[in-house]
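Shown next as structure tokens: one chain only, the form predicted on its own.
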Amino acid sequence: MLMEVKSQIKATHLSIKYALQRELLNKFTFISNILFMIINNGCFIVQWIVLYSLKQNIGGYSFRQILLLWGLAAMTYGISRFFFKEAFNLSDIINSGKLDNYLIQPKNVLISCITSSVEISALGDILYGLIMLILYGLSVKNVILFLTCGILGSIVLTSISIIFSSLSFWFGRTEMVANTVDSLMTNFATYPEGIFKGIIKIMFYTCLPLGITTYIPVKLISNFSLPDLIFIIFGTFIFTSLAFIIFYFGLKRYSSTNLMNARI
């Protein structure tokens, strides 16, 4: 079992490494994609600067917490898109028959698939997240918790995409559903939790688990609480398990299109 895990980790590392090397063939595009993503994210902070010049507290968040919220949102988004890019194209991969390429490999089908390419602009999100952390306040505790929550949050985002994309095994093309859920997760993650009420707030802790990816992590870094950390870890485990279970359950229904493409 341990050898299989080590083999899968090595295979995943090589897949990401070669995907990154392909992107590095055009260094200008590589660097510009990262810089423009940082600039794009930075522009949105301007609106919060204006709002907080008028009001010191919005939705229960101070301006420093807004910086932290944006940093976490960018970090979780960046890690998920850089390391697990194809999880967000999984529905198309299933419907187009491209999943055949991974079925013949002696590795975990799902992991091999979602780590087969990288999104370079996502590095800009990761760097932007670190910049927001620096502006919030740099300390050993903050860095450890920020990176931990960022990694766990990215796994949750990826798992949610896998869950909804895997519906394609039963219902055909479900890209719209998966993309809509992904957009909701991304967009609402940058707004203070306090402005949402009722059923919407309940959704953010269930089918759209923004509580796990951003809201509870903000509280955790602002004021450490062991129960909150355990809740985040437990929630990540639940959504990750669901993603694997639903994908492999659906994989039994997969019909090959005999579309075989060489992967280098």
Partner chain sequence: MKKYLYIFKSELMSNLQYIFDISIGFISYCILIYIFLNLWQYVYSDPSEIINGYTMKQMIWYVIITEILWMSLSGRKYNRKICNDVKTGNIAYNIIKPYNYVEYSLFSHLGITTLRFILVTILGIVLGFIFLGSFPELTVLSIIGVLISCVLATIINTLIITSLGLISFYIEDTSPIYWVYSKLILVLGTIFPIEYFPKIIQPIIKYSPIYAVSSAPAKLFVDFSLITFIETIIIQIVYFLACLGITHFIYKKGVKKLNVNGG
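Just so you know, these numbers come straight off a predicted model, no measurement behind them. Numbering follows the first chain given and starts at 1.
There is another form of the same protein, the form predicted together with its partner chain; it is not shown, and what comes next is about it.
Here the marked residues Ser32, Asn40 and Leu54 all reach its partner chain in the predicted bound form, each with a heavy atom within 4.5 angstroms. Its partner chain in the predicted bound form comes within 4.5 Å of no heavy atom belonging to Pro227. None of the heavy atoms of Leu67 is located within 4.5 Å of its partner chain in the predicted bound form. Residue contact check for Phe196: one or more of its heavy atoms lie within 4.5 Å of its partner chain in the predicted bound form.
Gln105 falls outside the set of residues with a heavy atom inside 4.5 Å of its partner chain in the predicted bound form. Stretch 176-184 is the answer when you ask which of 176-184, 90-98, 130-138, 158-166 has residues with heavy atoms within 4.5 Å of its partner chain in the predicted bound form.
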